[in-house]
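Let's start with one chain on its own, the form predicted alone, as structure tokens.
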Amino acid sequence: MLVLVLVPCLIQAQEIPDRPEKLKFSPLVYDPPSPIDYRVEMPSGAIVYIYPDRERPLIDLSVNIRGGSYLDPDGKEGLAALTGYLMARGGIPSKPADELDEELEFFAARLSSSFSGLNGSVSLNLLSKDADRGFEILRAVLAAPSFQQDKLDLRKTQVIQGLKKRNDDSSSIESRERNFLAYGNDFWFNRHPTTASIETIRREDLLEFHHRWVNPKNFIISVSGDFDRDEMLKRLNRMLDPWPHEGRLAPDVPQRQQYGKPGVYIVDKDVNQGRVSIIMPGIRWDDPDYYAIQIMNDILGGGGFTSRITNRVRSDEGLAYSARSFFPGGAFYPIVFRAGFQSKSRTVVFATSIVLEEIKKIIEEPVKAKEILTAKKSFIDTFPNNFSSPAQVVSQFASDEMIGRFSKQPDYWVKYRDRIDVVDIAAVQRVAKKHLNLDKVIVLIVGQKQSILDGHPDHPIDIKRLTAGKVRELPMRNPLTMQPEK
């Protein structure tokens, strides 16, 4: 009996390879879901992506709303954000805000609302047994939020207090100034709320913004969970029709940008480590080079510990805990390429020179076959993660609808892996030469100016030679007015 027990164990042990890389797996076979199977056009004009799922007694619903802070009137920057925040927190006609919060807490429902730069969202998560009351509340929040004056006053105070802290964190300064350099002072994204703009916003402004833009013509709804499909569509139709305000269809997101002059820009900030952003002009998601760019960037700095920038700056030189690059492809407008890291002030210039060396190298020299294989496997092997749950399926398709992907490329997900797989070494070098333009490099540094300029004695790098432009100091902005301080 002992032999009979041991023999299978010995055979099994012999089949286990001695190295992880020798493990063999069957090819992954996975077909992505089709948006057509989940998409419904409602009589009200709303688009619904719906996925019944009886595994849990929950309903997840999100109403995505076209429009955002790019619709803020001049002088009332912050209006969209205030409107979005208070839709779910400022009461409804049948209940003041505090009582509504108590009711939602009683039946363990989560309700939230917001407006960001590009779009708005009202989300509801609740037990399916509470759907009747939940949808009554959702209808009221969407169609007739009260925007209680006391809640508006409180939120305005909170926002203004937050504005005072704008310059406390170097990461906030870096992000803000990077956007000014990348897109220009007049780009809608760079119209920041100020104390003056927040103080001028009245309850009537919120009502006007809401009545104009929050309507079914601008709704893209994703819903999944414990329900019958036909019954849920009837419920949604009752919620959306009739609508109390005619409203307008949100205009397209403005595209006008003005990329800054190449050079090194320094914001003097007394912090332990300097923050660096290296930027170049970017692309949209529908650029024909998008797939090759994703592979190229993964090799350059997007692939974590397998990428060149991470290995050089972090692993080889120990100059930063994290160093990466990003080339995402903008949803509504071209988003710039960015490489970034944090390093001690004295090593900022040296680390920046290394990143620029790696960018130049990937432009001038073909990548290795092993690098491109690793990058492609990363995208292809993780592909099913985009659809790992019913909620994620409908959320992904709603996002695609929002950015125009469904109308432009309805087969996007079906062909995604093939388009990644055909990227070869020549394609990577071609897009690197085309889209990584070192003559347009902007380097933004936020940190201790003098220490950064002094550099490291063991690595004497001339900061003036990093880019084709000049070295300039950017003044700190007044956190309440967003105007540069003298």
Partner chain sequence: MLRYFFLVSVLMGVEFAQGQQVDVKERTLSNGMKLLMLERHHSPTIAGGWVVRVGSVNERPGITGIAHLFEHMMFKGTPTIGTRDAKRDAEIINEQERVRDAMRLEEAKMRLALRRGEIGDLQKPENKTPRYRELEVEFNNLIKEQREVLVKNEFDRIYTTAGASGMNAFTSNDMTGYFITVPANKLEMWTWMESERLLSPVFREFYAERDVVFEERRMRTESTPLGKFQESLEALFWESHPYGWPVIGWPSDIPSISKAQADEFYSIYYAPQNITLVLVGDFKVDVAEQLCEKYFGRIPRGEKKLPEIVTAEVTQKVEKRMNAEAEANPQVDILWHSPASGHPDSRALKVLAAVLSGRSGRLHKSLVLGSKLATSAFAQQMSRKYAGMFNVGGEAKEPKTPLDVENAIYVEIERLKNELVSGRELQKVKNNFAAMAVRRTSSNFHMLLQLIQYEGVVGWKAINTEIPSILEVTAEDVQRVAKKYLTKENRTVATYTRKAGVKVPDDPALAGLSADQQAVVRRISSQIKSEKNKERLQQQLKTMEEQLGQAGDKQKGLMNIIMVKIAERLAELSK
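Residue numbers count along the first chain shown, from 1. Remember, predicted model here, so these are calculated numbers, not experimental data.
Here the subject shifts to the form predicted in complex with its partner chain, a form of this protein not shown in this document.
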item	value
Segment assignment from 199-207, 358-366, 229-237, 244-252: heavy atom within 4.5 Å of its partner chain in the predicted complex	199-207
123, 273, 353, 257 - the one with a heavy atom within 4.5 Å of its partner chain in the predicted complex	273
Residue among 390, 262, 340, 330 with a heavy atom within 4.5 Å of its partner chain in the predicted complex	390
Every residue of 56, 378 and 479 near its partner chain in the predicted complex, heavy atom within 4.5 Å	yes
Its partner chain contact in the predicted complex: residue 406, any heavy atom under 4.5 Å	no
Partner proximity in the predicted complex: residue 223 to its partner chain, non-hydrogen atom cutoff 4.5 Å	no
Proximity of residue 168 to its partner chain in the predicted complex, heavy atoms at 4.5 Å	yes
Residue 158: touches its partner chain in the predicted complex, heavy atom cutoff 4.5 angstroms	yes
Sequence-ordered residues of 354-381 touching its partner chain in the predicted complex, heavy atom within 4.5 Å	370, 371, 373, 374, 377, 378, 381
